[in-house]
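What follows is one chain in structure tokens, specifically the form predicted on its own.
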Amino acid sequence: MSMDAEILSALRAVCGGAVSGAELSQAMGVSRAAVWARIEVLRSLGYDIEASPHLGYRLLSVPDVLHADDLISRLGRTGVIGRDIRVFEQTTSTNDVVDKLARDGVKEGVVVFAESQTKGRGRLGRKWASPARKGLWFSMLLRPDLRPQQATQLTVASATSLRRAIETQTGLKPEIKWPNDILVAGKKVAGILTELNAELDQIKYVVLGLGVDVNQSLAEFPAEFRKSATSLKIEAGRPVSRSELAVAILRELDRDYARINAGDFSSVADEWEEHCTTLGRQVVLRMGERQLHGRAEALGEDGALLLRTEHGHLERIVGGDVALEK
């Protein structure tokens, strides 16, 4: 943990109280001057830190920015996801950055955030609007011991984690639309993009990308998305702290990834099914030029959608676009 992260952790640990420079310097094994220098850096980033000659340092407020050391200090110790966090002011796509890290041999669990993306993307190459400082645009590297056919488990687990974190932080009641959308009041508020590099029978690594529309107003969405998309701010009626939400999501993702690695996909699937708007409905499924009509019956053991077609056949679906029958 960096000095900045240690300082922020110590200031938060006293819940609005103060920590002396002597206590900080002793805990970190550095001089009080070194502590003061890092406090000044944090202040320059927008952290309001009060200094009292008699009491010490007190954290009064934090800026609405994503700062790696701040996220690490809030998150604390995790099993895998979030043990390494990196934040870019702007990048093409966080999935691209993590893919390069994966090919360079970086350990799993690294998370890359961007304040904005110039080429953010969703499934099937679709563009994802990523306005600066309005949402959470991030990706993580995973190296699960799974077969390629089981990769859908990670998308399912991510959806349950994302839904749970949003509900906890906002009080909203998000729902899941298969395979990768989170809806609030019937409109899309978040999406998941799972990209994998695999051999015939083994996943080498997975890049898991998530986009969450947090504080946009309706006017800030591209015109073509205003009827189908929304933000947490619009639905909750108030701004939402992006850093607090980011930490909540990472914590839930780490929890569900541990469940997957322990072979407990069934409990994840049960939670997913409880909050899925797709199951039990008549749907139209489009996979390229192919179109299927049927009833979405259940989630398979590997995370695939089980679709009972209009001809009575049960088909296992791992990709495609689903829409409810009109």
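Predicted, not measured: the structure shown is a model, and the values here were computed from it. Numbers follow the displayed sequence, beginning with 1.
The same protein also has a form predicted in complex with a small molecule, omitted here; what follows describes it.
- Among the residues E235, E108, D181, E115, the one placing a heavy atom within 4.5 Å of the small molecule in the predicted complex is D181.
- Out of the listed residues P144, G191, P131, P148, G191 is the one that sits within 4.5 Å of the small molecule in the predicted complex by at least one heavy atom.
- The small molecule is not shown here, and in the predicted complex it never comes within 4.5 Å of any heavy atom of T230.
- A residue is said to contact a partner when one of its heavy atoms sits within 4.5 Å of a partner heavy atom; T78 fails this definition for the small molecule in the predicted complex, lying far away.
- Using a 4.5 angstroms threshold between heavy atoms, R255 stays clear of the small molecule in the predicted complex.
- With a 4.5 Å cutoff on heavy atoms, K119 counts as touching the small molecule in the predicted complex.
- Judged by heavy atoms within 4.5 Å of the small molecule in the predicted complex, the contact stretch among the candidates 213 to 221, 68 to 76, 244 to 252, 173 to 181 is 173 to 181.
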